[in-house]
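The form predicted alone is given below as one chain in structure tokens.
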């Protein structure tokens, strides 16, 4: 707009315009108005929002887009919790372990790269279901790689996706060995609405000597100052039923015949819960210190 005004002033103050006829002055006024309107149009064009097609472009085509997904230490799989048992070693040591089974699935459904999606990751599918259990977009996505209908889809972001291709089946004996450390994540068992003693391990009050505060929460803040409850105060509420990760569990045994993985310790959820198993992140070994 400023450039248009400067050009108009230069035209009006030129020596030829001072001695021009009324018709020429009228023509110069019309030309100045057209220039000002063009300047307004240009400024409005710059203020217009981006088209919808540009907003929905892939991240690699849009500048300033960052992916906040953390890198995995290696390729992982999905499994189903079977239950817990006691495992006896060769020397007679009893170890509490969790048995993880694998249904049909763990098939690579999509390989994402920097050129196509702005980051490198491998998407896998797990647990076969009937066709009517999925929507048509989901069936179309799976049909591109020739996979059967799968219920669960998850991504594993890797630094390099070389060696993976759509339709490839992942084998647990190739990904995990005895003695490896893995991170297992899943939804924990929901406990419902619980009080402060069970949810936060608070101590209860005296049960005798006239005490009237047994399992109550007690004071939750001062009165006049600050006169409010601080955010994040530990109080009764819904407990469990959230995504939980148990880190650095040791792989005790990999059974290819029964298609099971035995890990030391407990994992989130009850029997039949969906689990995500990936190599453990160890700083300095498979994760940089910075």
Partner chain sequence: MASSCLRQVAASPAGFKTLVLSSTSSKPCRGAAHVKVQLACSFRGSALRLAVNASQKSNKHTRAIVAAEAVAETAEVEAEVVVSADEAPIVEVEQPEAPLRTGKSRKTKGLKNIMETLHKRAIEAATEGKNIPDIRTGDIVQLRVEVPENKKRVSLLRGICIGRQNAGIHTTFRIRRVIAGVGVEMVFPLYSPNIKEIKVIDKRKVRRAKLFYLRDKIARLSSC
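Numbering follows the first chain given and starts at 1. Since the structure is predicted, the reported quantities are computational estimates derived from the model, not experimental observations.
Missing here is the form predicted in complex with the partner chain; even so, the following discussion is about that form.
The chain is drawn here without the partner chain; in the model of the complex, the stretch among 157 to 165, 213 to 221, 81 to 89, 174 to 182 whose residues come within 4.5 Å of it by any heavy atom is 81 to 89. In the model of the complex, at least one heavy atom of residue 103 sits within 4.5 Å of the partner chain.
Under a 4.5 angstroms non-hydrogen atom cutoff, the partner chain in the model of the complex has residue 99 among its neighbouring residues. Residue 258 belongs to the set of residues with a heavy atom inside 4.5 Å of the partner chain in the model of the complex. Contact check for residue 271: a non-hydrogen atom falls within 4.5 Å of the partner chain in the model of the complex. In the model of the complex, not one residue of 163 to 197 has a heavy atom within 4.5 Å of the partner chain.
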